[in-house]
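What follows is a single chain, given as structure tokens, in the form predicted alone.
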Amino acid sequence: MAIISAEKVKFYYENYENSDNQGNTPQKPVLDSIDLEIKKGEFVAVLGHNGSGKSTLAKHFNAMLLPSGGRVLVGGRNTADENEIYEIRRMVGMVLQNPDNQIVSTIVEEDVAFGPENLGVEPGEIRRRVDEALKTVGMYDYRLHAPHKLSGGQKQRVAIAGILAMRPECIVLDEPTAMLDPKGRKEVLDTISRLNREQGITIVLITHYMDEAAAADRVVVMESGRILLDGTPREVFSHVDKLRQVGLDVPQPTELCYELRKHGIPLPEGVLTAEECVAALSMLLEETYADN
């Protein structure tokens, strides 16, 4: 069952710098006839270089942006219907790149309570939701701290807790680790992976990190406002040359095996992780020594 459906979605930003003498404003398509279904419980990573349209697409999933053509359905609700916006934004929470842009309070637990308070949740239930959300992201011990004193990874986990307290069915994260160090990146990725695995929350992760995409169930690659590739990480990252042509890399273990195969070393395709790469090389060495 699809929780999000994009049907022939087009989107234009008006380019006022290039208007003609008649005042008509030419428009450049940012999304060009996107068809995409995201099933309930999936973990989907969306890749693409800057300007590919991936963040614009993400903002359509909770009606931050509305299509210029086509439609987006969230749980069967049309994002263009003003009467459905409240329920759509309850179902689909959005976590932005800079956690400071989502922090509204001077105390962590008050910040997490902000969303459910706006939903009109009764105080006792808010207390339960805030505690549960902070425990889920491993930030309960910091509930009385000032958010601005936290690390980047901790701030992003508080932002995720704020979304969790609204009980969404899907969380869309727009490059949430782009401003974080490796430790913060790991904290956030571990958190969203656990939410997907243990609670069945649908995750849509916009990222430019190949290792993050490799952890997803499915990878969608965008280029010039269109979907270039869509499949499992193994399927998508097997297209090394095609990804390089649009300015994207592949996970380092995948690239290493790819380059070795080009030089005649018989390694399997579909290697994603360092562990798989080590296993493949170990097996090759064992076979070589056995033959000798």
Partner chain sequence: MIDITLGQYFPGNSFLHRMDPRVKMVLIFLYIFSVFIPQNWVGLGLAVAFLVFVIILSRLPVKLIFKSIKPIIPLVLITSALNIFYISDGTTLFKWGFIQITTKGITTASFIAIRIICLIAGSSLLTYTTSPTTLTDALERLLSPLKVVKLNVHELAMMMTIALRFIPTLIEETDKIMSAQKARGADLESGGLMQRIRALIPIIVPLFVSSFRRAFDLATAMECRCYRGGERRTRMKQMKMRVPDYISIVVVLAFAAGLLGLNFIFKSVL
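Numbering follows the first chain given and starts at 1. Keep in mind that what you see is a predicted model, and the values were worked out from it rather than measured.
We do not show the form predicted together with the partner chain, though everything after this point is about it.
S.K.: Answer for Gly120 alone: is it within 4.5 Å of the partner chain in the predicted bound form, judged on heavy atom distances?
M.R.: Yes.
S.K.: Taking heavy atoms and a 4.5 Å cut-off, does Arg197 contact the partner chain in the predicted bound form?
M.R.: Although the partner chain is absent here, Arg197 would stay clear of it in the predicted bound form, with no heavy atoms inside 4.5 Å.
S.K.: Test of understanding: in the predicted bound form, would Arg127 fall inside 4.5 Å of the partner chain by heavy atoms?
M.R.: The answer is yes: Arg127 has a heavy atom within 4.5 Å of the partner chain.
S.K.: Is there a heavy atom of Leu267 lying 4.5 Å or less from a heavy atom of the partner chain in the predicted bound form?
M.R.: Contact with the partner chain, no.
S.K.: Heavy atom within 4.5 Å of the partner chain in the predicted bound form: which of Leu96, Ala215, Ile201, Leu73?
M.R.: Of Leu96, Ala215, Ile201, Leu73, the residue with a heavy atom within 4.5 Å of the partner chain in the predicted bound form is Leu96.
S.K.: Taking the partner chain in the predicted bound form, would Ile107, Pro116 and His148 all count as contacting it (heavy atom within 4.5 Å)?
M.R.: All of them do, each having a heavy atom within 4.5 Å of the partner.
S.K.: Please identify, from 206-214, 96-104, 182-190, 73-81, the stretch that has a heavy atom within 4.5 Å of the partner chain in the predicted bound form.
M.R.: Within 4.5 Å of the partner lies stretch 96-104.
S.K.: Can you name the residues of 251-277 that have a heavy atom within 4.5 Å of the partner chain in the predicted bound form?
M.R.: Contacts from 251-277: none.
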